[in-house]
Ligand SMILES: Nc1ncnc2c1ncn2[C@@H]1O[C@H](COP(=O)(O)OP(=O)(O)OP(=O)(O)O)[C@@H](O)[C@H]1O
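Next up is one chain by itself, shown in structure tokens, the form predicted alone.
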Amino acid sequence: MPIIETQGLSYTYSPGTPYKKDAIKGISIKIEKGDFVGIIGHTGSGKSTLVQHLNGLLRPTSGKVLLNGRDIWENPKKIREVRFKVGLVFQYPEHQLFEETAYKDIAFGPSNMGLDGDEIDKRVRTAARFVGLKDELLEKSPFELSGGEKRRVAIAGVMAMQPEVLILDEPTAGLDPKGRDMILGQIAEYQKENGATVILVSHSMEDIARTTKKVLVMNKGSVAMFDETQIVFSRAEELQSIGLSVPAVTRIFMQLRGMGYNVGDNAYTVKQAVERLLPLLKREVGNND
């Protein structure tokens, strides 16, 4: 049984007005427990609207969202419980920090779950470790922290609830390359250690390519592709045809093939490129000796 499933999911903004817009249309997908799924699509493709349905922040105009086989809206009074199980980190989540200390901000979610003090403390410190926050930072005001540290506090606050599904909407937006790599590495470590289901929304093809196992491609409110990462990025020409860029490595491989080099199928990570190109370079060197 998939942990998350949507059945004919559709959502319309401002129905019955001149501003009516169908944001997502007839989406039916299944996400298995332990999956690491990336979601990509051009601006306005419906990515954020989709993930806001998965924990009940938006209610479908039509269709269903199932969590462990049950419609999350079958009892609207219990939608709060769904949000503990499906945690969502918004884009620029540091803008939502408000407590006196970083510790209290991370503890906010677990406290609302009614956990005792010892369990809350354990979860706060475990989550802080996952995102690389040192103990001395926990007692500081979040507003004294750097931008990257604030981002990690916000992510830790959702991780501390230990959701079955962790959704991150552009978690590296606005960070420098070092900060981006750090956040992505910590998310990957969290997913691996906990076996959690993680859904990552990103505009960065490189980030999606090197961290996720499956990719969901959105286009004009519908699903254009949903498959293993390698299969999706092997369809580079199709991605480009709907206005999406592909990883720089993939573009280089497409150019090499166009120049007549036998480099095989598209690569989408630097590691893959090295594995493909080294044998060719060795043969070239051998032929020139």
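Since the structure is predicted, the reported quantities are computational estimates derived from the model, not experimental observations. All residue numbers refer to positions in the sequence shown, first residue = 1.
Keep in mind the form predicted together with the named molecule is missing from the figure; the text below concerns it.
S.K.: Does K64 reach the named molecule in the predicted complex if we count a contact as any heavy atom within 4.5 Å?
M.R.: Heavy-atom contact with the named molecule at 4.5 Å: absent for K64.
S.K.: Give a yes/no on whether K47 approaches the named molecule to within 4.5 Å in the predicted complex, heavy atoms considered.
M.R.: K47: yes, in contact with the named molecule in the predicted complex.
S.K.: Answer for H42 alone: is it within 4.5 Å of the named molecule in the predicted complex, judged on heavy atom distances?
M.R.: It does: once the named molecule is placed as it appears in the predicted complex, H42 has a heavy atom within 4.5 Å of it.
S.K.: Are any of the heavy atoms in K21 no more than 4.5 Å from a heavy atom of the named molecule in the predicted complex?
M.R.: Contact check for K21: yes, within 4.5 Å of the named molecule in the predicted complex.
S.K.: Which single stretch, out of 243-251, 48-56, 29-37, 224-232, brings residue heavy atoms within 4.5 Å of the named molecule in the predicted complex?
M.R.: That would be 48-56.
S.K.: Heavy atom within 4.5 Å of the named molecule in the predicted complex: which of E149, E170, E164, E206 fits that? Just give me the one.
M.R.: Only one option qualifies, and that one is E170.
S.K.: Which residue among Q91, N75, S111, Q96 has a heavy atom within 4.5 angstroms of the named molecule in the predicted complex?
M.R.: Of the candidates Q91, N75, S111, Q96, Q91 is the one lying within 4.5 Å of the named molecule in the predicted complex.
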